[in-house]
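The chain below stands alone and is given in structure tokens; this is the form predicted alone.
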Amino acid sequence: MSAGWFRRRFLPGGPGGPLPAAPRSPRPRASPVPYRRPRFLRGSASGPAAPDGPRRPDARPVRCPARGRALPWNAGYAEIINAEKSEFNEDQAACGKLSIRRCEFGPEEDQEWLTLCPEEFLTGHYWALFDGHGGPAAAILAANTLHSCLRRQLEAIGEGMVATPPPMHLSGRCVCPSDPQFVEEKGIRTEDLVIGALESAFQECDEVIRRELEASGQVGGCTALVAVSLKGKLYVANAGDSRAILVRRDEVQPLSSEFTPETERQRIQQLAFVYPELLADEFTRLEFPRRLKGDDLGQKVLFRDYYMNGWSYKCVEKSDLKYPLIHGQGRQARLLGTLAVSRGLGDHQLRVLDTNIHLKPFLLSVPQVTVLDLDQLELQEEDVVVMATDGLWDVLSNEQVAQLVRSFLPGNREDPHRFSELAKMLIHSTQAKDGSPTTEGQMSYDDVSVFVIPLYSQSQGSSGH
């Protein structure tokens, strides 16, 4: 990312400061994004609580797909709405089959345009969770958009995914005889193309959300956690604080990392160092163990900056008394006193309260992608991937979820709906009821959405065409 691009994108007027905006003719405002639940929940037995009615924390309905409605790989799903934190359930979910068609070059070698063949080239499957904040609009747009963005990105690189290693030129032309050697020396593999497609799809979806929310006058953002099966591998892409884990008989393997102001402290601090104008002289980028007070002036106190993993001491100056760029600990940490996540989609209009300071420059829409090679695993019948929004992980650890999975699945092998029943049971375990493994008194008041994806008997059929 060049400094010039960053200034043009986020700092209007560039180095010389903001310029007066040219008058623009008013454009018609688009209709607000309508609120709705995932399509695969249509006909589900448990109806949602009325948006304007009271919701007792201990009596919220858990919804799951209607019996007879199969999700990809017979995956299970369940969700519960928050305990009146917001009017609507701000989580969204999506899943389905990815049908990727072949792009071919024209008949002449110098043609650069592509044609899309009608036949399927590769097939895969897709599961996604979106945790909204500031309203449900961004999560709804992401749930209805990201899979299309991903399909387009995969179709654009289709020919590259079937060659090992991927060709230097997608058209197959050989400009330099040593091209295969250069590709091999870089260590570029087929899975790197899929990772790149996921990263580009997140970026494209983020731009769609910006345009749609701007046109409709709405605001908001969301985290995104996506799992994609393609050619014998499972790709897990995460931007935010949702989480995915692989649960096996003898191990629990994290498949994602949470992105919060604390986990990305150095990246965020470095951005404020390079572009101090983003803080508008209202915040300090330095981290201290606590918020400094006037009595700390002139004293040497612990601190750290963007280049530090360790700590040191500095003499407190007046500028150090400003509100910290990152404040709070653990789940209470906030970026610019506002947002609890550092990656996600949307939030283009989000500003610090009573200021003109935008948060978007500090937020990344690029996911971290983990690759699980299913063909290399000796899968057992109870091996599953559990994907869930942060409402589950706020009160259950990876090990507690794994224990629940291992205790539930062996005794329910004959139930064709066992994975949705497991998802429901995981949600019930966050509600501090008798028998819940949560620490005494812990209860999730947040929206909670859970996918349980079984891996056994799927790996042989997941390689596509």
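Note that the structure is a prediction, hence the values are computed from the model and not measured. Just count from 1 along the sequence shown to find any residue number.
Although it is not shown, the form predicted together with another copy of the chain is what the next lines describe.
Heavy atoms of residue 288 reach within 4.5 Å of another copy of the chain in the predicted bound form, making it an interface residue.
When another copy of the chain is considered in the predicted bound form, residue 380 lies well away from it, no heavy atom lying within 4.5 Å.
Contact annotation: residue 318 falls outside 4.5 Å of another copy of the chain in the predicted bound form, judged by heavy atom distances. In the predicted bound form, no heavy atom of residue 232 sits within 4.5 Å of another copy of the chain. Residues placing heavy atoms within 4.5 Å of another copy of the chain in the predicted bound form fall in a single listed stretch, namely 327-335, out of 390-398, 327-335, 217-225, 92-100.
Think of it this way: in the predicted bound form, another copy of the chain has a heavy atom of just one of 195, 208, 374, 252 within 4.5 Å, and the residue is 195. For the options 160, 261, 135, 124, the one in contact with another copy of the chain in the predicted bound form, meaning a heavy atom within 4.5 Å, is 160. Using a 4.5 Å cut-off on any heavy atom, none of the residues of 367-404 reaches another copy of the chain in the predicted bound form.
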